[in-house]
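Encoded as structure tokens, the following chain is the form predicted alone, with no partner shown.
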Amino acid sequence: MKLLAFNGSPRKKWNTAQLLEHALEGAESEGAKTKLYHLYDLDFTGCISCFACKRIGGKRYGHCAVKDDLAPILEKIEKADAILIGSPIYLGITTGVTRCFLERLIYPYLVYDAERSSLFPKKIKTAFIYTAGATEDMVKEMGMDRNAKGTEMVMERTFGSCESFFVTDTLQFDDYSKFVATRFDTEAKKKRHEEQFPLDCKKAYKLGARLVRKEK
């Protein structure tokens, strides 16, 4: 089993990255091989609407034709058994680089037919880890969970299954005194991080294990 994970956060050591690392540890505990990619390290764009992936008889039918840092990784995804994508929530949705990645990942496999077919060669498990400085109530009030559900539905259609894990009310900074952030109760934020984040890391670990565990 092989799990490929993608960090859509510009930070490599903060909340999203830490949760992904725990998820990979969970997958490895089940004997899976894992690989983590930091999307901000890669030079790529979103879909450019060339439609090469949709052209009848085309050389790149069902595959993205754009040649950049993402191209070889998309080929590796076809050989993976599970995909895990992590992103902080910016302005109610994933980071821009994560959206670009999703466009390139999903669109080539979608078929404009009555059956809404997928050209992905097999069924695999996929999942998202979302982190948000907002509280759980704010996530629901602002519709962040609904945005995630729409993406989840497309992932299910394309790859076979998908689940989402929201981690809320996360720490944005190490030292809140250096930034304008008076809306937050910083002591409460720190206390929640100390108490809740380790529990969320354990959930991420279980998620990683679940993604690669063979069905009995």
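Treat the numbers as computed from the prediction; the structure is a model and nothing was measured. Residue positions are given as counts along the sequence shown, with the first one as 1.
Unshown form predicted together with a small molecule; subsequent notes refer to it.
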**Q.** the small molecule contact in the model of the complex: Tyr90, any heavy atom under 4.5 Å
**A.** yes
Q: Answer for Trp14 alone: is it within 4.5 Å of the small molecule in the model of the complex, judged on heavy atom distances?
A: yes
Q: Indicate whether Gln172 is a 4.5 Å heavy atom neighbour of the small molecule in the model of the complex.
A: yes
**Q.** Contact of Ala134 with the small molecule in the model of the complex (heavy atom, 4.5 Å)
**A.** yes
Q) Since exactly one of Ala80, Met144, Ala127, Leu105 fits, which has a heavy atom within 4.5 Å of the small molecule in the model of the complex? A) Met144
Q | Candidate stretches 97-105, 81-89, 68-76, 119-127 - the one whose heavy atoms come within 4.5 Å of the small molecule in the model of the complex | A | 81-89
